[in-house]
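In structure tokens, one chain follows: the form predicted on its own.
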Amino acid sequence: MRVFHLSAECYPVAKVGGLADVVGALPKYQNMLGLQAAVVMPYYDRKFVHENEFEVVFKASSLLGIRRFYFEILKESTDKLGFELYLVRIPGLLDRENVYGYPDETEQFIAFQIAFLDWINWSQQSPDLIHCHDHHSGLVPFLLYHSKLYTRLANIPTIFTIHNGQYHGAFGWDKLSYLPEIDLTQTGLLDWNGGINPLAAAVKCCWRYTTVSPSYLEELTINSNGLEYLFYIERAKGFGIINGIDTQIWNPKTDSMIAEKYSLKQLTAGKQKNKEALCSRFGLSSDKPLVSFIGRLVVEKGADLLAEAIKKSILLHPDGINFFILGAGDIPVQEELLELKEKYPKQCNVYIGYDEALAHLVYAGSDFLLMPSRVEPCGLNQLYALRYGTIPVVRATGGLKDTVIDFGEEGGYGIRFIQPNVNDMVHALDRAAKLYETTPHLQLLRKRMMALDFSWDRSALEYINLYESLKPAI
């Protein structure tokens, strides 16, 4: 079966969040299991493109309303990522450096989807199934089945995966003309709350939709930024499949980005070497428990609670706990954390921005990883932490709830708290500090975590089984 994954991000080509990690790993593991999976994404003027060889496999032009645009499909020549990679380049629209944030973002992603459909329609490159990821490709299922231009493709099944249901990509009806010729009697499938909503359209039109954890599938009916009723009525089409991680990249035995490689046998010494390297770089003591946060400094991630919770934890343990923050986001949150760093320089440090190599060292060198998310569809950071023997301290929501069992329960290995507030977080951090003092128990939990299997092998097979269930209709 030939499958095209359609996405705005893919690691290592262009990464903003977890979407890139999923799309950069899932097709590779599917190919290992016998599928023919490829990735199609926009062209970005980035390092990966400049350092690798691409060939133009298709050129054409199309229309975005009354505006004619030219596009070309570039294929990475060596399939070095473990799958075929195709980039859609559109001069003036899809040839920029950043993934998001442009004022004409709606036009960018509509043109991306039109170019993709025109390519597979005109070049006879029809896949057996199209797997769309998030709202950036959410119009594809509608256009496949309700545009006269793509009648030849109308029998191709579509799967739509929701990585974050808070973002819909909605825009006004004044931009309906950007779409190719469609059956105007079906425009209700595009509509939600008086506008064109690509995420809603995808859920209505795709053959099946998935979320990146079972718990998140249920949570969308309660909190999806206005689409709660849609997810309720379309629930029968939905499947929750927990994300995996790429164990070839995230492996403390072979990770070239960390200070000291280690396996389960060298766990204690290996983690200590990495902790010493991290603490030395950022002026912290390697003799104290180190709690780290990696991610976007936004309300969704609970980052607005960090400064107050860290301050209270330091006051509760004046000489017994250190913190390190790696991330960027809302300016007020960044400023609060930087002020905290100035006030408690020996117990708290902050790196504003993102550095992939540093992230690997943080996972390897930290004792605990804090994830106080208000919303977390799956979360990959806690899975990386588990892989490196770092205990996740998480709010029990979405994929965090599905992947982290509290150490107080049978077979548990992490720390969970219920409410996204400062008091619950401080209590969880107090439990972490006390756990750190019980060395034999701490080591037992670390070994238990590192033995867990959250690889893509299991999840990739679940997706393939879902694809196969649609085969009689293909």
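These numbers were taken from a predicted model, which means no experiment stands behind them. Each residue number is its position in the shown sequence, starting from 1.
As for the form predicted together with a small molecule, it is not shown, yet the points below apply to it.
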Next item on the list: Identify, from the list 239, 232, 344, 354, the residue with a heavy atom within 4.5 Å of the small molecule in the predicted bound form.
Entry: 354
Note to self: Give me the residue from 198, 141, 295, 399 that has a heavy atom within 4.5 Å of the small molecule in the predicted bound form.
What the structure shows: 295
Check: Does residue 17 reach the small molecule in the predicted bound form if we count a contact as any heavy atom within 4.5 Å?
Finding: yes
Margin query: Against the small molecule in the predicted bound form, would residue 258 count as a contact residue? Criterion: heavy atoms within 4.5 Å.
Written below: no
Next item on the list: Using a 4.5 Å heavy atom cut-off, state whether residue 213 contacts the small molecule in the predicted bound form.
Entry: no
Notebook entry, point to check: Looking at the partner-bound form in the predicted bound form, is residue 275 within 4.5 Å of the small molecule by any heavy atom?
Noted result: no
Check: For the chain seen here without its partner, which of 169-177, 79-87, 101-109, 346-354 has a heavy atom within 4.5 Å of the small molecule in the predicted bound form?
Finding: 346-354
Check: Is it true that 42, 63 and 69 each have at least one non-hydrogen atom within 4.5 Å of the small molecule in the predicted bound form?
Finding: no
